[in-house]
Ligand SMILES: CSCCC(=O)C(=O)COP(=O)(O)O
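Shown below, as structure tokens, is a lone chain in the form predicted on its own; questions about how it binds or moves come after it.
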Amino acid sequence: MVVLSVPAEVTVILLDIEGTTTPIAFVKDILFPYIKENVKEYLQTHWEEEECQQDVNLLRKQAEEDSHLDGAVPIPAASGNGADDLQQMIQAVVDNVRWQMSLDRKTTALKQLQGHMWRAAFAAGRMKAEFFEDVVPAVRKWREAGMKVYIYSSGSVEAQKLLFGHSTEGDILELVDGHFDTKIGHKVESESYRKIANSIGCSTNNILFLTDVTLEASAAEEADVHVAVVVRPGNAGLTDDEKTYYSLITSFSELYLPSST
């Protein structure tokens, strides 16, 4: 087994989710299809609720910003013309959400609605989050060794908490010290990692970031964050240069903490 020594100055382990803690297949084959298939029913059921209206307003604002993009789907404001008008508006939101998802957009508006839909699904027991089998034992070990563990994902903080709170391993939220999403900045921008360090109250070189995406790894490195690239089944392949350049692990159990000896 490959063993990767964690640098002595590292006190924080920052984790990506998709392709790192959780199989991409769970996200691609279960989480996202659930949104596409159920968004219309969800909007019809929750339309009158304040939270749903906030989600729709945010999506409408995003649609206005996107109006110059090819294929962008506008969301009209309510005209007060009764049921037909309402169905038209709901359909516009559905079409907008599906359009954004088809482009793999990571807008806050989209992520917020998705988070609320997943919350309803998890609460109703319609799905449970999956983690690779090495994840939970490793995180427990890190915490016992005095490490802090944070999550940084493009999925909303709320969606992250749902995954960790409703998993096949039970509620494992207590294992996480905090959560970051794109509100702090995008994962391919080095400034985001500086902001995360600042928010945690540590230096960037006190952080080890685990991700399957080399663009994110590169941005983190630029900010002087330690990085390991996680190679999992179903993840995108790496180039020979990337394999040579980055420290690679195939399981969290391959990380060796000098402080735990």
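Throughout, we count residues from 1 along the sequence that is shown. Here the structure is a predicted model, which means the values were calculated and not measured.
The same protein also exists as the form predicted together with the ligand; that form is not shown, yet it is the one meant from here on.
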**Request:** Answer with open or blocked: the shown chain lacks the ligand, so superimpose the ligand from its arrangement in the predicted bound form and check for 3 or more ligand atoms within 2.4 Å of backbone or C-beta atoms.
**Result:** open
**Message:** Given a 4.5 Å cut-off on heavy atoms, tell me which of 132-140, 68-76, 170-178, 149-157 is the interface stretch with the ligand in the predicted bound form.
**Reply:** 149-157
**Prompt:** in the predicted bound form, do E18, Q114 and W118 all put a heavy atom within 4.5 Å of the ligand?
**Reply:** yes
**Partner contact for H166 in the predicted bound form: the ligand, 4.5 angstroms, heavy atom** = no
**Prompt:** Taking 4.5 angstroms as the cut-off for heavy atoms, does K128 touch the ligand in the predicted bound form?
**Reply:** no
**Message:** Whether R98 contacts the ligand in the predicted bound form should be assessed with a 4.5 Å heavy atom distance threshold; does it?
**Reply:** no
**Item:** Proximity of F32 to the ligand in the predicted bound form, heavy atoms at 4.5 Å
**Value:** yes
**Complete:** The one residue among L43, A223, I200, V27 placing a heavy atom within 4.5 Å of the ligand in the predicted bound form is V27
**Fill in**
Near the ligand in the predicted bound form, with a heavy atom at 4.5 Å or closer, the residues from 177-192 are K187
